[in-house]
Structure formats: structure tokens, C-alpha cells
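Single chain ahead, by itself, as C-alpha cells, in the form predicted on its own.
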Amino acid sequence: MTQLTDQRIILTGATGGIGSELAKQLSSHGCKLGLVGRSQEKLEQLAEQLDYKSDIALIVADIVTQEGRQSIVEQMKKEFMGYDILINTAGIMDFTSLLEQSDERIEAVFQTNVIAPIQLCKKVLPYMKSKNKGHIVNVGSTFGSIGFAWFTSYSTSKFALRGFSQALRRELAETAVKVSYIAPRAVKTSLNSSAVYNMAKEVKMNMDSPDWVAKKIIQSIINNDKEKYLGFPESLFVRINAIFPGIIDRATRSQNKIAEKYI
């Protein structure tokens, strides 16, 4: 079990739907939060909603850039003399046909959802290993275990993040640095377009509130879960898809046809 009080946490995507709820709930645990986002204004608005304002650092940085990642590490050391936990929540998503998605947008999805988290993990690891403690938490998605039609680049990027998390956890097995991969199902956030919400309503897709998801993520951090899939029956479908993907192919076929109307 991990006690969160006074833990120094880097939280990327802090102004997003899941990120902002995590910030609010983590602040009530007495954590020292480095809130990372690209907008100073949005970070300041978020800070006004938190309990422990004296233990908050607002870090305006773009995690996609080397300069942004370096800035995160430097500001955490300046404000809190280091860091104990990294939570990667920043991400982007498209609901579209692969043929309609631009090459530039595909690259942006992978830069934000995969490459930036990997490189930020690489950036924080030397300090964590030198202290022989630390916890990296990568927030993925059920879409990272079940490839969904019309979310091709997003699903693929989350598959990659899941694989990275497993590989890094095994690479660090002889150290005290922990790696977790936590995968919510669909979440009601601004990441979703109106088309996604309309599609989800027709196909009866389960969607969770950001505050519920944030609570589950924090509980998984406390419990030191290596992998956690949130929501039933999606967590069961993850296991079925891993062994019998053909079953999921057939089960999702009619849903995919309905979803195509909304892209």
C-alpha cells in the first residue's frame, strides 16, 4: 500500500477531464502536485479549485517537445526537490476512418499518446533509480486492448502504451521503481466529439464519469496495481479478446456498422 500524503506527483494532462479530477482528488490526499498543461490560464483556473494551493506547482509545458519535458523535471526539482510519482494522462483522440485521417494527425496522435510519455518516463527514471523509489503510472484505455473500428490510430497508440508499460515494468523488476498501466473504458470528457457521444448513445456504449475514473486510478496507485482495467463487462472483453479475438470480431461487427454512420 502506498501512502499518498506528501508524495510529489507530476501530473500531465492536468487540465483535461480525467487529469483535472485527479488533481482535485489528489490535492485532498495532501500530495505535492506538479500540474502540467499547455495553458497557463487553464492551470490557474484548476488551481483555484484545489485544497492545498501551497503545495501546487503550475508547469506550463508541452510534453511533446524535449524542452517541455526538461522544464517539467527542472521545475519539480526547484519546487519540491524532486518527484515520487509520474502520472501520464495527456492524450488526443480522433473518431474517423483511417483513410480520412491526415498523415500529420496520425503522427500527432502517436507523438502525444506514445512517444511523449515514453520520453518523459526516460527523463524521470535516472532520479527515481538514484533514490531507489518511484512510481510511473500510464493511463491507457480499454481501446489499448481491444482495437475498435474508427478509432484506429487512437487504439493503436494505446496498445503501444500498454506494451511499453509492461516492458518497462519488467526492465525495472530488480529496482524499487514501480510501473502501472491503468485502463478506463470510455469516459465522459471533452476528448469526445459530439459525434462520439451520439454514436455511443445509439450503440449503448458504457461511459464513466471522470470523477469515478479518477477515484479508481488513485485506488490503483495506493494498491500498487500493475495493470488495472476499469469497468465491467469491458474488463472481461479485454481477457476474451486476448485469447479469442474472433469472438470480439463477431460481437462488434454490428456496432461497427452503426458507428460508421457518425464518422
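One-based numbering along the sequence shown. Not measured: the values here are computed from a predicted model.
Not pictured, yet referred to below: the form predicted together with a small molecule.
- For residue 172, no non-hydrogen atom is located within 4.5 Å of the small molecule in the predicted bound form, even though that partner is not displayed.
- For the chain shown alone, residue 176 is not a contact residue for the small molecule in the predicted bound form, no non-hydrogen atom being within 4.5 angstroms.
- Residue 141 belongs to the set of residues with a heavy atom inside 4.5 Å of the small molecule in the predicted bound form.
- Though the partner is left out of this view, residue 189 does reach within 4.5 Å of the small molecule in the predicted bound form, counting heavy atoms only.
- Out of the listed residues 51, 62, 202, 211, 62 is the one that sits within 4.5 Å of the small molecule in the predicted bound form by at least one heavy atom.
- Contact annotation: the small molecule lies within 4.5 Å of heavy atoms from the stretch 63-71 in the predicted bound form, the single such stretch among 63-71, 233-241, 218-226, 24-32.
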